[in-house]
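A lone chain, given as structure tokens: the form predicted alone.
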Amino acid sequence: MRENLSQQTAQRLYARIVAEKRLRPGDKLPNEVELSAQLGVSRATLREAIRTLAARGVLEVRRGRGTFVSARVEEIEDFGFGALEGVRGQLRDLFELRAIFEPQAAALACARADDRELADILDRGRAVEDCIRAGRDRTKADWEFHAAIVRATHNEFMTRLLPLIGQAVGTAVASGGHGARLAQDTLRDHALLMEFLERRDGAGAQHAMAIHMRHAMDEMDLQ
């Protein structure tokens, strides 16, 4: 059964805080009007999502002061990905793990993304293609595209793997792995992947993502 809107909103807030680190312990959330507009939900839905995260210890509601990220958020397990920040020689392991879970994430996104989330995925995919055609650095755009797919799975543990994607992309760039041939492979792979995503063809999207991961590993000689 698809999660209701308040659960989806709680998941998105959780991802911003725990996986994407956009908000740190002690940070105050934007006011209710601003945050509900950012998330595209009603204030009532947002309040319910905040109550859910407060009950889990992720947020603290301080009467008269606002809502803050709890210090307890540091206790949430990140599977050790924080320790990967200094890694430069483990591209093969990073991409092997991506190759295991990202094709399935693409399939789940086809089934679970709402229309807004699907539109966001497609917009971010086009941004990657624009960067490649213009010869611009696509690191941030590529991360945002893959992260949007993972968030659309509405799977908590897949979402908590987002730092892995960022680390893999960053390490590939640092090692010179984003070369011209990989850029052209990415253009072709993305065209196929975007077609399946737009059609909500889960099996096709899963296959296209697996091809994309294999091309990346082949081009960077990560067999």
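Treat the numbers as computed from the prediction; the structure is a model and nothing was measured. In this text, rigid core is short for the largest set of C-alphas that superpose within 1.5 Å between two forms. Don't overthink the numbering: it's just position in the shown sequence, from 1.
The form predicted together with the DNA is left out here; the points below concern that form.
Proximity of 104, 124 and 155 to the DNA in the predicted complex is absent: no residue of the three has a non-hydrogen atom within 4.5 angstroms. Of the heavy atoms in residue 55, none are within 4.5 Å of the DNA in the predicted complex. Among heavy atoms of residue 183, none comes within 4.5 Å of the DNA in the predicted complex. Remark: residue 47 counts among the residues lining the DNA in the predicted complex, judged by a heavy atom distance of 4.5 Å or less. Not displayed here, the DNA is kept clear of residue 188 by more than 4.5 Å at the level of heavy atoms in the predicted complex.
Contacts between 26-42 and the DNA, taken as any heavy atom within 4.5 Å in the predicted complex, involve 28, 30, 31, 32, 40, 41, 42. With the core held fixed, the Cα of residue 187 is displaced between the shown form and the other one by less than 2 Å. Core-superposed comparison between the shown form and the other one: the CA of residue 49 exceeds or equals a 2 Å shift.
After superposing the rigid core, the C-alpha of residue 60 moves by 2 Å or more between the shown form and the other one.
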